[in-house]
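Below sits a lone chain in structure tokens, taken as the form predicted alone.
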Amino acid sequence: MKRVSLLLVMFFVVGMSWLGVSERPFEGVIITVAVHSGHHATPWYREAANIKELLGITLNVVEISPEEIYSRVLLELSARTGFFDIVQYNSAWIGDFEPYLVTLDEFIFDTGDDFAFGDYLPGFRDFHNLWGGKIVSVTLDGDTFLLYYRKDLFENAEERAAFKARYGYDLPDPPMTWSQVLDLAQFFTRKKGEKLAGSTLKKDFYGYADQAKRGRVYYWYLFRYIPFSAPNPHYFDPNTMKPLINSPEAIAALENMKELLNYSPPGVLGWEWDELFNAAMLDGTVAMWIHWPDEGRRFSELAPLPVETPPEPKLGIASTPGVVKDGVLYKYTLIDSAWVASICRDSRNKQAAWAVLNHMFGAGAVSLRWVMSPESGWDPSRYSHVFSPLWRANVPGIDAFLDALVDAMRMSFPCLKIPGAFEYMDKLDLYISKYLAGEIGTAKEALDNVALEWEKITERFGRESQKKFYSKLWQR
């Protein structure tokens, strides 16, 4: 049967509504969607009635825990059962999921770009949704990383004068380079009873902290590795797939990471999300840190500085630091491998599945409502999100976060997204952790071990095959 374009279906629905006739284009169709369990599932449940009313589609939501979603979804897709019509997954898994997904270019063309793919911020559009030059997914959750710092401290006149006297340059607000971060971290690390911002500290205070627990600490290394490897950062030599992770620049990046431990809270090597958020935001004992968008959205929760007479809490937000080479500042924002959604190749109702995605994630009120809502856990991903007058008016002070996000997306850099990506990163994470913990003596030894492990993974998957996948990562 010749396929009727979704655009014509929509014109038909509008026309029938004008005539007072209720006609739903996919009456009786059931669309099954695999979603991240918990708050990620909330929008799907809440929109189910609207989808039924507008489109006639019954939405069957299958919640899967984040620990199981990769294996369970991939097992179902590879069995070619057609059970799922839409799947939510981490964008880093595209190398494994690609054979079981359909490209979305034609659906977007058929709707006249009502979906407004060009409205996505460039980092998400380029590195979440495009693969091999084709649109394979839509972004649910605009997750990325930003630098947070105590602007109330950075603006203090006494601290600014003391910093310039000690280091010979103006206290940077915000810090632009990792060298500046190191100076600032050393400068602001103080003991209980010392002065900070003109008042006496009631707790020890630390200049900087990473989320350094084994498992995801590799992200915090990549924040350094990428700019240190400028002006042409890569994970592998694109022509040979030789790892670049043990280059002199990579070693310098890891040494920077370890040096900053001198100005970090004790126990930071065991910190995951909660520990970093709580220490920085709720306890107020950290001057600078890099984290997901949560702090930016929850800026009003910032605790006062732990001093006897604290200034009004003020959170600074900026893109992650860079490196100056030959007088040029290179800054990059690592685009977190966050959550996207695609239509399954074996879905029996692809047009209906696209209608659901267009409803949920198109450039309209539904998408904006859920990125604004704390119930969803979805972060903004579109220009229409970050420049929404409604959001900015309803949440005074949110502008700093939204403006910083726009700036950061102009300098985006992807996570690794080829088959075995998780395994590559896990080996990197392992040896970083060993080095930071003192189990390996030098950064060079640690990263030489990583390079050897990466070579083994590449050989196992096939060097030529991995080279082709790696090239798709950069095709626009």
Partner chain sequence: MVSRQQVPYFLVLPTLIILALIVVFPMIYSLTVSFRLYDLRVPRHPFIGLGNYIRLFQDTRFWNAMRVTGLLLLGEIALQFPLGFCIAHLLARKFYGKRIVQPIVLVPMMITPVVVGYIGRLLFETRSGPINYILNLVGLPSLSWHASVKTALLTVILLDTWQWTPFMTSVLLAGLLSLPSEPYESAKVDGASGFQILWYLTLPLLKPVIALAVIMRGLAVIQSFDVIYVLTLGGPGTATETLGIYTYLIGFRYWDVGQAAAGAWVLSMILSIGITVFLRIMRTEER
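For clarity, every value in this text was computed on a predicted model and none was experimentally measured. Numbering follows the first chain given and starts at 1.
Here the subject shifts to the form predicted together with the partner chain, a form of this protein not shown in this document.
Contact annotation: of the candidates 170, 375, 274, 312, the single residue with a non-hydrogen atom within 4.5 angstroms of the partner chain in the predicted complex is 274. In terms of contact with the partner chain in the predicted complex, the residue from 232, 81, 300, 71 that brings a heavy atom within 4.5 Å is 71. Heavy atoms within 4.5 Å of the partner chain in the predicted complex are found in one stretch of 334 to 342, 264 to 272, 248 to 256, 153 to 161, which is 264 to 272. Using a 4.5 angstroms limit between non-hydrogen atoms, residue 423 touches the partner chain in the predicted complex. Proximity of residue 53 to the partner chain in the predicted complex: non-hydrogen atoms within 4.5 Å are absent; the residue sits far from the partner. Contact annotation for residue 75: at least one heavy atom lies within 4.5 Å of the partner chain in the predicted complex. Interface residue remark: residue 437 is counted as part of the site for the partner chain in the predicted complex, having a heavy atom within 4.5 Å.
In the predicted complex, the residues of 205 to 231 lying within 4.5 Å of the partner chain by at least one heavy atom are, in order, 206, 213, 214, 215.
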